[in-house]
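Next comes just one chain, in structure tokens: the form predicted alone.
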């Protein structure tokens, strides 16, 4: 009966824009963050697979080094873009995310340490991989493991923030701040859902590398296309199994949102499911026919739609979890019209500038690299 008292009171300060604007910005920035994160983590995983598992060792090492040079840029991009959705989460759901962060305070603090060490590891590999190829693989694997742990800690915090009914038992059983949310049934499948998706996007990252080198070094690009496309196919097929596990692990009320109770959630689920099947079929055909246009344009376009649908579904699921304690109608609003348009202009300009920088500086491939 006392459990609701553990939730901090609602901040009386009004939102500087309508509630739906913050929700929309949260979803948009989360999509950008998750794409950068997937390219970073998935790219590193696929690079290690190429180095250690590729039948052609020369190809595997070249793919490994090509990806390694880009990771020190992808990690800060992941962090920088990730600040925005985290801030929007704090604005809308701060009462919940702050409390769960206190309950698991020490693991949450470790995220910064692990992130710093992983960052140095990526830089070490990018600068010295050519001098110590064997050691470079071990260092990259260490950084990937740290990023893996960071993602697991994020999943712990976010699932804990959505279940206030468990806060009291966890905190009073161990108020030291060393708690995790390991008893949450959705924790493992939810985390694996993100990790497997990262591997799939890592495969698409290699498809973009193949696209950048298609005319300059066709044979290399062709092999990269096959390796990256197959990585995408296998990971996406595995994602269906993980997704079913995740869906089954949800409480019945939450699960039924995507099975008819909510028309929007159900429609998004069906679009995501159909998009995943279509991406597999199209990528499979593109690899057989070496159709780069389908692999590098059509499939990523479909994947982008799937990611957008999944991001909205994630937001709907969070609101369903928090429904007993969270009512958007109680949040005061006072739109600052003098600042809001400027914010939107700067936000859109920043995204465009980021994309232009990627294209201008040949992020997915360069003339110098392809000539080697």
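All of these numbers come straight from a predicted model, not from anything done at the bench. Residue numbers count along the first chain shown, from 1.
Same protein, other form: the form predicted together with a small molecule, not shown, and the subject of what follows.
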Do residue 62 and the small molecule come within 4.5 Å of each other in the predicted bound form, heavy atoms counted?
-> no
Considering only heavy atoms, tell me if residue 79 and the small molecule come within 4.5 Å of each other in the predicted bound form.
-> yes
Does residue 303 reach the small molecule in the predicted bound form if we count a contact as any heavy atom within 4.5 Å?
-> no
According to a 4.5 angstroms non-hydrogen atom cut-off, is residue 318 in contact with the small molecule in the predicted bound form?
-> yes
Contact check for 75, 86 and 89 against the small molecule in the predicted bound form, heavy atom at 4.5 Å | yes
With the small molecule left out of view, which of 151, 243, 276, 164 would have a heavy atom within 4.5 Å of it in the predicted bound form?
-> 151
Among the candidate residues 322, 54, 34, 312, which is the single one with a non-hydrogen atom no more than 4.5 Å from the small molecule in the predicted bound form?
-> 34
Choose from 263-271, 247-255, 151-159, 200-208 the stretch whose residues reach within 4.5 Å of the small molecule in the predicted bound form, heavy atoms counted.
-> 151-159
